[in-house]
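Listed next as structure tokens is one chain, alone, in the form predicted alone.
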């Protein structure tokens, strides 16, 4: 192992940024010019088109490295959304961008990148959405950027970045029955807080993370966004390579942290005996053990199983197993939204849609759905929602004084059945 002149090794984020910038090593705080491996845009990407032309750019640096996905308003639910879609379609056509996931072949942008192998180990990936962090589960630096930055990336394929310091999260023990990756990341968020990783990398490791499937790793990296992180990462291993084997769109450059890497802080989490967790209103770091909240008999008006955090086929199967033969409680609206069209199709094949709809839930097409308060499932004032999504700030799902509780898919389904916040272990 070579550590160069710095006297210590590099973290995973530093390794990827060194590779992207062509440096032998980088240090936290250093400004690099990184070569981008993958650029992703959704509807907000329509705001990049003006700056792209204003810069005098005429062509996109590499059309094969750009993915556009329509996901927030699918199909368009307002005139404004329809205009955004049209801007993106026109831009893709004019610039010869072939990788456009339009209505009918759509899904949440991060899920589309994940299930189609667009981001691979060692990549520097950027997207016009803050939850681009999710793709760091591939062992990549994946980060959200603004429209003007994205315009520069589209023109040049390069981006200035500051090398972040890294928080190390080491997870030991074994998750108990009914306790999930979502519960783990909520617990970590409760400790780190929403500003505790501001412009830092969060690197997950330890026996528990090594056992996690790729979907579970996507969930924990996704919610590093709620910690303020620049990126969330898991080192690539056999799980990563097996997942990407048939779908990787370009060559992998797997990297791992050096043994003597320097971390700003190490957080050790022992999950032995940990119960399911819940983030209570009105911030994702207001985290409490779920059994405590169950004792308060919190009635809900709506339950939502969806979002880029938790709407993969594994989440749908887990939810359907609890829902089978049960009914949605009287007075509760239960919205189920898969993360992509292929997941929707798989739910159709496996009878999962039947299970949910026969129970009284509404099963929607794949989209961001109720998560962001702009399309469907919007909350009225004072309403309460149990959600498998990632944010519960005031106004996130509609009315500013609605209350949102964040939890695992299993807990959301148990809550929909009971009509009040429930522990999924009672139903499994």
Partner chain sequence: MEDVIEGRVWTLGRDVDTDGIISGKYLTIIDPNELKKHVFEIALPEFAALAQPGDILIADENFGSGSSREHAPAALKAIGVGAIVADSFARIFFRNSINLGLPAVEARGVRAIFEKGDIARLEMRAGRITNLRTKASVKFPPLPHHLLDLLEAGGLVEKVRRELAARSSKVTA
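Note that the structure is predicted; figures quoted are calculated from it, not measured. Numbering follows the first chain given and starts at 1.
The discussion below concerns the form predicted together with its partner chain, not included here.
Contact annotation: residue 230 falls within 4.5 Å of its partner chain in the model of the complex, judged by heavy atom distances. Although the partner is absent here, residue 175 sits far enough away that none of its heavy atoms falls within 4.5 Å of its partner chain in the model of the complex. For the chain shown alone, residue 63 is not a contact residue for its partner chain in the model of the complex, no non-hydrogen atom being within 4.5 angstroms. Proximity of residue 261 to its partner chain in the model of the complex: non-hydrogen atoms within 4.5 Å are absent; the residue sits far from the partner. Note on contacts: among 130, 105, 266, 213, the single residue with a heavy atom within 4.5 Å of its partner chain in the model of the complex is 130. The partner is absent here; in the model of the complex, the one residue of 289, 190, 146, 75 having a heavy atom within 4.5 Å of its partner chain is 146. Just one listed stretch, out of 356-364, 63-71, 379-387, 392-400, contacts its partner chain in the model of the complex at the 4.5 Å heavy atom level, and that stretch is 392-400. Heavy atoms closer than or equal to 4.5 Å to its partner chain in the model of the complex belong, across 64-87, to the residues 73, 78, 80, 81, 84, 87, ordered by sequence position.
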